[in-house]
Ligand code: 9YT
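Listed next as structure tokens is one chain, alone, in the form predicted alone.
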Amino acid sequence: MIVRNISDIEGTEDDIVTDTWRSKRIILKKDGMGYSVHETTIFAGTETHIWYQNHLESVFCIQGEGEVETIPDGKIYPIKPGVLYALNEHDNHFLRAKTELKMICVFNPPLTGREVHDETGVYPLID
């Protein structure tokens, strides 16, 4: 059984911070679960371009308000606590945080823990 406390991840190599988000990576590929789980904070007033060409992701909002805009159709989906969105078609999108967003994210295939978005919004597929 795996039991982890999010506070034990803070400040470790599994706590990744960029200009627009912070991801505390709770379950990773090395745990052998077939998926990864993350608590992600999206900083207020930011926009992040994301296009997971190598991963599927489900995102459940537990705090804050924002929106997802899909590219290229420009459709906007409001995000608030209780909303889940799933990028089941490797959707190219912008994630915007009106206020600080707190999300629980699940990735398949699982992340190794070191991934950050490249210039096209993609996480590389790392073995």
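Source: prediction; values computed, not measured. In case it trips you up, residue 1 is the first one in the sequence shown, and so on.
The same protein also exists as the form predicted together with the ligand; that form is not shown, yet it is the one meant from here on.
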**Asked** Is residue 50 a contact residue for the ligand in the predicted complex, using a 4.5 Å heavy atom cut-off?
**Response** yes
**Prompt:** Quick one: does residue 59 come within 4.5 Å of the ligand in the predicted complex, counting heavy atoms only?
**Reply:** yes
**Request:** Evaluate residue 9 for contact with the ligand in the predicted complex, applying a 4.5 angstroms cut-off between non-hydrogen atoms, and reply yes or no.
**Result:** no
**Item:** in the predicted complex, residue 40 touching the ligand (heavy atom, 4.5 Å)
**Value:** yes
**Message:** Only counting heavy atoms and a 4.5 Å limit, does any residue of 72 to 101 reach the ligand in the predicted complex, and if so which ones?
**Reply:** 85, 95
